[in-house]
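Next up: a single chain in structure tokens, the form predicted on its own.
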Amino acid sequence: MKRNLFLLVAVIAGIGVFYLSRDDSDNGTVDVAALARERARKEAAAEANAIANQLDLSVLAKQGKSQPLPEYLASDVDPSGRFWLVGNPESEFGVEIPFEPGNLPAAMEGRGTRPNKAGFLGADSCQECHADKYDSFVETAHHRTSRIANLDEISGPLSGGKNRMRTLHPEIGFEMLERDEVAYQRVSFFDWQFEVPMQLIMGSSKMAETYLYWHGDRLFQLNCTYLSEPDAWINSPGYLDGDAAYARPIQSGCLDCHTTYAAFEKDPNHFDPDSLILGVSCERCHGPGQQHVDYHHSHPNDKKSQFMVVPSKLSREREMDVCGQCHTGDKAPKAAEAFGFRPGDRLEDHYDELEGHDDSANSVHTSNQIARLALSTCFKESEMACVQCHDPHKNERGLSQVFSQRCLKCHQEEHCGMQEELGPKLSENCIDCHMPKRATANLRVETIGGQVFPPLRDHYIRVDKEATGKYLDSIKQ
């Protein structure tokens, strides 16, 4: 590669260097030829160092630049005018970036502090009066479903070999790394390299987490996602292995399910960065907190909650609609309706269903737990809602016995067909038999080893003989 050739120049320049003697002989004459060789060596080394610095991304970043594009790589603006395409005439793979090759993403364009007209404050505003619930809530997947990409928040490795993601093309690869307390994804595309910062995390890391970055006031997704099992970097869902895609816009519907609030400025992905309230907080279930907080600060003796909705006091349909903001079939906010839903509203008044999507399919990006649950006899023959099984204020991830005890509030152990075989273990885990984790064709990612189908917890409660068989085998081991 050209970069290696530049390093070779420096090495060659150092080979054969002769240390100068003070005298050529006892007569004290200066060795002019040796001085000339030393001067030439220093000049060659300086030139090699200058060339290396022109390719060193860390040096260039301090100058506000990135590596220039080699002449043999072609670049052009996409017909839409929204991003640049970079390619090798001899390869089918390419790069998509929203900034010109050789440049860096533009600095984040905040609007400064200004009033939040929607009245959202964030979970921290609840801590003063609801410390017990706050302390447990901040550990939940809801709260962690978006956050700043500080180094201690990024689950994927940033060093040690496991920080690389290879592709099917040997000249195209990715490296996740840290420099000056900032995490980057570095792309090697033939002899050209560029970096994109990892600034926001989307996903609680229960299954995976993906990353976003700002280019001015526009928000984009990065190419590489971290998959918790098997602890590996993969292509983000929907990305093609071998391409380096950094121009996928994050639209309002994405943030509508991953944040508490964001001021949407303009299609398709212009936001006010200073407006973001990360995490899905208390207010997405109880309503914006501004009026509530202002009232109780001015009326400290009034213990009756004002200007807040308690979802469990709504009808089951309206209560399910609160969860349905994110946990129902594929949908998009109506025009100018992102973050417009309020607890007690009808879901269909704020969201449009996307055509061609099956609500009952088990896929994470249809976020369809409600549709799957609605197929269950448990749901059809009772008034159960999500909170009968889930406590939204606590992190109960993976606690099968806790969830099983909630099943047994309605079901009797003696009615289970596996009671004789399971005995006391029956009450420990109803979940893996009746709500198994399964891979689905609706969620797949491309890797160098082929397609990966991460397993998802299915919320359709039923007797599943295959799942029961697997569970029985697992407890016998």
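Note that residue numbering begins at 1 and tracks the sequence as displayed. Small disclaimer: the values here were computed from a predicted structure and weren't measured.
This protein has a second form, the form predicted together with a small molecule, left out of what is shown; the following refers to that one.
Contact with the small molecule, judged by heavy atoms within 4.5 Å in the predicted bound form, is confined among 163-171, 70-78, 400-408, 150-158 to 400-408. Contact between residue 381 and the small molecule in the predicted bound form is found at the 4.5 Å heavy atom cutoff. Looking at residue 422, you'd find a heavy atom of it within 4.5 angstroms of the small molecule in the predicted bound form. With a 4.5 Å cutoff on heavy atoms, residue 310 counts as touching the small molecule in the predicted bound form. A residue is said to contact a partner when one of its heavy atoms sits within 4.5 Å of a partner heavy atom; residue 276 fails this definition for the small molecule in the predicted bound form, lying far away. By the 4.5 Å heavy atom rule, the three marked residues 188, 270 and 314 all fail to count as contacting the small molecule in the predicted bound form. Between the small molecule and the residues 342, 318, 133, 350, the one pair within 4.5 Å by heavy atoms in the predicted bound form involves 133. Interface residue among 219, 262, 323, 198, judged by heavy atoms within 4.5 Å of the small molecule in the predicted bound form: 323.
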